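Given as structure tokens, the chain that follows is alone and in the form predicted alone.
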């Protein structure tokens, strides 16, 4: 287990503040947050690149807080790969064990295993300057894994890749995690990437951890306005909750009253994911869901999906498939009905 207790790191103009994290052995853990939130600083601190002001970093009950990077038994891959341009692919991969003075037979055996696992045999004689982005990332992964790290640290490993290459490398990393049973800490600013890859996620902002938990839990149940907006809940409103007869709960915002299944009372926030809202042409149907009639104020075509904003008030945004959008024949200014299931109205007190 990697355990971080009360960590504070002070840099010019920025600080990590009171970081507490526990990452289980074999976990695929994602640190996600906006630019300049501190996620790479935290990753580099785990790797030993920044001095810790207060707190401790433990790796399997071993205090590594003050150890040099090379003594921490960690591997790291940066977004730009940081491969040595004057060395061949084979020499890059072997570098870590070579500088440690390992016998050539050990180096060859470990290299053969990783080359086979990552399917990069045809690349071994090439210079790294003649590799594609995806090939460079595979070589960087092989180099980081050569030393048998206890934890693999990935800093935006997919950030510089085109969409198809990104998907291929994503699958390779997941395969590595599954086959090697390796603990991985992955940094990204892309929440969709975090949900797709991470078993557990920590959302970081302004140098502080904002929420930690399973990927789907954070996606569906953000516990602050910051996390709700960062995770693209889109519909995030301040309001209040009124408790009615038989324990019914209603969230009130602007002119809208939404039935919920929450137990939160008083002033609070609501987060409603756009994919949880249904848009229909008429409000005549009865049912237990929240139903509102409003006017379409904005339509954004995103290719396979279409984002439609309806002014009630407040303005609410829903997400339709392209097929569903075409079937409804929607246009700006047209009146429509929004259907919001009570279970989709997630309430929290920030």
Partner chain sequence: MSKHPGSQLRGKSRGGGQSLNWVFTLLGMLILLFILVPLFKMVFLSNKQALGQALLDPQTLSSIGLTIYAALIATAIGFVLGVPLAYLFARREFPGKGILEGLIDLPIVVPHSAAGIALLFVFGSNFLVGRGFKAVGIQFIDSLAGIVIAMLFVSVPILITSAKESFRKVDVRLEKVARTLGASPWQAFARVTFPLAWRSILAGSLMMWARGMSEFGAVIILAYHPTVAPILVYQRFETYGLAQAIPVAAIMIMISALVFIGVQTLLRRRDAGA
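Note that this is a predicted model, so its numbers are computed, not measured. Residue numbers count along the first chain shown, from 1.
Keep in mind that the form predicted in complex with the partner chain is not shown, yet the notes after this line are about it.
The putative spot formed by 250, 280 and 289 is not touched by the partner chain in the predicted complex; no residue has a non-hydrogen atom within 4.5 angstroms of it. Taking a 4.5 Å heavy atom cutoff to the partner chain in the predicted complex, the contact residue among 150, 80, 223, 172 is 80. Checked against the partner chain in the predicted complex, the residues 100, 261, 257, 109 give one hit for a heavy atom within 4.5 Å, which is 100.
Shown alone here, residue 68 lies within 4.5 Å of the partner chain in the predicted complex, counting heavy atoms only. The closest heavy atom approach of residue 27 to the partner chain in the predicted complex falls outside 4.5 Å. The partner chain in the predicted complex is not approached by residue 113, whose heavy atoms all lie more than 4.5 angstroms from it.
At least one heavy atom of residue 11 is located within 4.5 Å of the partner chain in the predicted complex. Heavy atoms within 4.5 Å of the partner chain in the predicted complex belong, among the stretches 114-122, 178-186, 237-245, 141-149, to residues of 141-149.
Taking a 4.5 Å heavy atom cutoff to the partner chain in the predicted complex, the contacting residues in 72-92 are 72, 74, 76, 78, 80, 82, 83, 84, 85, 86.
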